[in-house]
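One chain is shown next in structure tokens, namely the form predicted alone.
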Amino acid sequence: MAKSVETLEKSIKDAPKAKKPESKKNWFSWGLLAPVLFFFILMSVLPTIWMFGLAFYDYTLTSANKPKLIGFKNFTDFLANQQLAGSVSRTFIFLLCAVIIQTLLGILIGVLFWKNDKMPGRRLALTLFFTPMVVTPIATSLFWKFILDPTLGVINYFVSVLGFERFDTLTDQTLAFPTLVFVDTWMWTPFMTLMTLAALGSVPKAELEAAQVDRLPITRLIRTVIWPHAKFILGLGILLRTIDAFKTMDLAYVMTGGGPGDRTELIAVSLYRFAFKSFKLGYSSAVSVFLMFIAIALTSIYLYILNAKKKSEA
């Protein structure tokens, strides 16, 4: 009898103890997340909801009239506005030119650094090359505006020394828009180079070494070894640059102010004028909603393509 009691006590001691309730752990986790969630809701969610609401009102900040509910009139006026239609088309042209050029240059320069990983001074060269990416766009805009200045600019100084006539690309009807694309390319090509290096770094070395042993042609090496691993990171970089180029405002506003005429007035510059010059908050909210849905559409298209490729490879 005593032996059975001892066995029972021993089995009770050896039995797995019941887990403590995780309520304290959950409360601790939520406590850590609370400040981030608070600021996210305060600075992002609530302004977005407010913007959606204002888009359906005729509301001018400097007007004595009370906000008036007008339904979808702001959206129909926006779609019928030829000036804004021109801004949207210029924005898409700017986006396509900038992203395509930056992607091609980024891939070429990224492959150059990737293939020459033992190049003397490689780290210093990369550090200097990535510098434009970390400079604020406002500073970059002012920097290039002074360089291109027809009177005090460095470029025009050397042009005059060589005996040619000074020129002002920022007020030229033909050269102003390509100048913006050039400056944006100078600023963001390092980002696409960084994404290319990250994409190439994701390729397993074992597969590259096997391809070298098999002496695969460069086209087959890219198609069968490099591209399957690199395409997702590279695609993400293109998506981020597409969204960022679509909402470019500071570059055009500081360098040209949207001019000459409206040659460089992108949609974000037009939105700034309506919101902070004319104070048409209802109308500008409708334009903002339009831009937000375009950004969501671009992201959705990328995610759809990404998921479709994953399913086809599975």
Partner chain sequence: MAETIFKPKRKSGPIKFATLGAWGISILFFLPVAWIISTAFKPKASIVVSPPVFIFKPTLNNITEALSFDNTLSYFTHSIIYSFGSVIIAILVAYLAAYSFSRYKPAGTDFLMFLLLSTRFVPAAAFVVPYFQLFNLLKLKDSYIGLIAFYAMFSIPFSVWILKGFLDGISQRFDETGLVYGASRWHIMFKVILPQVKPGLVASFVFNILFVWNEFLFNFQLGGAKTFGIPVGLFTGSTKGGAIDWAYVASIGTLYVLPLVVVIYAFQKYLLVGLTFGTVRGEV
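Think of the rigid core as the biggest set of C-alphas that the two forms share within 1.5 Å after superposition. Everything numeric in this text was worked out from a predicted model, so none of it was measured. Numbering follows the first chain given and starts at 1.
The form predicted together with the partner chain exists for this protein as well; it is not shown, and the discussion that follows is about that form.
Though the partner is left out of this view, Gly71 does not reach within 4.5 Å of the partner chain in the predicted bound form, counting heavy atoms only. Residue contact check for Leu104: none of its heavy atoms lie within 4.5 Å of the partner chain in the predicted bound form. Ile305 falls outside the set of residues with a heavy atom inside 4.5 Å of the partner chain in the predicted bound form. Shown alone here, Thr136 lies within 4.5 Å of the partner chain in the predicted bound form, counting heavy atoms only. Note on the partner interface in the predicted bound form: the residue among Ile238, Leu79, Leu208, Val159 having a heavy atom within 4.5 angstroms of the partner chain is Leu208. Just one listed stretch, out of 173-181, 92-100, 79-87, 120-128, contacts the partner chain in the predicted bound form at the 4.5 Å heavy atom level, and that stretch is 120-128. Taking a 4.5 Å heavy atom cutoff to the partner chain in the predicted bound form, the contacting residues in 210-234 are Gln212, Ile218, Leu221, Ile233.
Relative to the superposed rigid core, the position of the CA of Pro35 differs between this form and the one not shown by 2 Å or more.
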